[in-house]
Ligand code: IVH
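Quick setup: one chain, the form predicted alone, written in structure tokens, and binding and motion questions come after.
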């Protein structure tokens, strides 16, 4: 998409913008171009030229300028990917051209028969074919008009699908605009697949297992489920990718101009050049079905090296004119066929079970099995999730088991081969204490997972430090995730208090840490000691305690250790604290290790006093508020700040304790829930503005 000269110019522009260059009406489009370039390098080519931090600096400049100059915002600005909040529903829309299925093949004979029919219909002795991956994701159809993305739709029944445009806009590898007009295209419908790559799929499943939830079997389920989430902000965090590989409809700007697309490979090249993630690099162009079969055999051997999951290959006639000549049935095109790879299963024996502790303290049993090859990968460990999963699968130590690499990603136990038991098998017994720190484990009635709640448990400590220093918690700049892990490996960090004990001068031997960066880090660490108490409470990572709940707790105490004396019933009397949250807080402040850590933090100078014990008085004193949907007149964070300045309190959920729900555009489930509680007053944004101006 970008030639070498353009890359050098854009990189030079990047340096200028990073060196305090300010946007104005005349140069704002240049800043957008720089950001689009770096999005392309990161999300399409996966080869970034600047750090995430530098990108964020540029992005914030654009956000600030557009907030101050809303009339200058364009539809394809990088800021317009931001989630719009909750979607009420996904309306049904009709595809410009029906989305047909592909005919499937499972062996060479199927391919030879398909090739024979194609040659008979075309009258050719040999046909040129393309071969590309069959992505294991969720099918989508995109429509661009006058260069701008106007619609994203699911496959649906092939004739109509769900309009998921707000969610499609969250996928950063899908351009919000592309220069189709340079190719005589006024409107175009593009088909493709949304998927989650193997790395992100593993992270997503790890997060599910941390919560005691069973993981998803394959990336397709993760991608398809993500596209139907009604909260677009969540979709944006799923790190989905969009591969586009087929043009189903084109209307020209000038009908008199000659056609420029003559082959399927032309289409992939065009999409790639316009900034789309097309399978241009993965595609093979061959002549004759014998060459197709040779490529398939070679490709299947390297499928595990791909960063994303595939379940086969797609073979297409390359010539577009010949595609039209071959036509299609009511079910599938005659010019394309899918070759499906074989299923991957094997039998093994469950030798033992190890219990591992995750970031949130969730204890996950991992089956150690007799190593076995499954789809080219040696499998020796399989997560068996939780105690209920073990009972459901009737698993015992020394059982013979059937395993499968579902979706070719994570191995799963399909079943225990009970008929092969000989009496030597034994039950899998869950520990009562943490396998790492030996503290007692806890399990709530509504969950299937056992947890260690000792915040100093070494298995959890790295992730907890990352959370502790993060932007919304103690906000210690220059202390990102990568640095936390590096410092921990070097022995400079061992727990949360060690953040304030670390000898930063030892960093001078680490690449990337000069005198200035070390000084900045030292200042950031020292400054963070004076953060408001609600930030410290949130930073401690108490389960279920988010930012809003942390603020509520801070308003009811004068010192952090006051929470030691609160009973679960007293905690529940605090706005926004329910039974589940109260139990979690109570358990945290009745754990000796946690209390010892808090005392150590205070001794190191971290402030524990609250300045919110005396509530602010104002026109909203004694009233509770919750915002849902998108506000148009002001940012939600500004509206929430205004409520607190006027003495009001913020809640994070709908309950009988809520006085006012302010419903912006696209308000969703919170609004519906509030309507069922007569005591809650539901206000529009305009009503809210009138209320605070009284």
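Predicted model only: the values in this text are computed from it and were never measured. Positions refer to the first chain, counted from 1.
Below, we refer to the form predicted in complex with the ligand, which is not included among the displayed structures.
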### Task
Given the ligand in the model of the complex, answer whether the residues 39, 81 and 176 all have a heavy atom inside 4.5 Å of it.
no
### Message
Is residue 155 near the ligand? Define near as a heavy atom within 4.5 Å, in the model of the complex.
### Response
yes
### Message
Check residue 132 for me: does it contact the ligand in the model of the complex (non-hydrogen atoms, 4.5 angstroms)?
### Response
yes
### Query
Quick one: is residue 102 in contact with the ligand in the model of the complex, heavy atoms, 4.5 Å cut-off?
yes
### Query
Does residue 399 reach the ligand in the model of the complex if we count a contact as any heavy atom within 4.5 Å?
no
### Query
Considering 201, 487, 468, 245, which brings a non-hydrogen atom within 4.5 Å of the ligand in the model of the complex?
245
### Query
Of the options 166, 497, 358, 333, which one has a non-hydrogen atom that comes within 4.5 Å of the ligand in the model of the complex?
333
### Which of 219-227, 534-542, 313-321, 178-186 sits within 4.5 Å of the ligand in the model of the complex, heavy atom basis
313-321
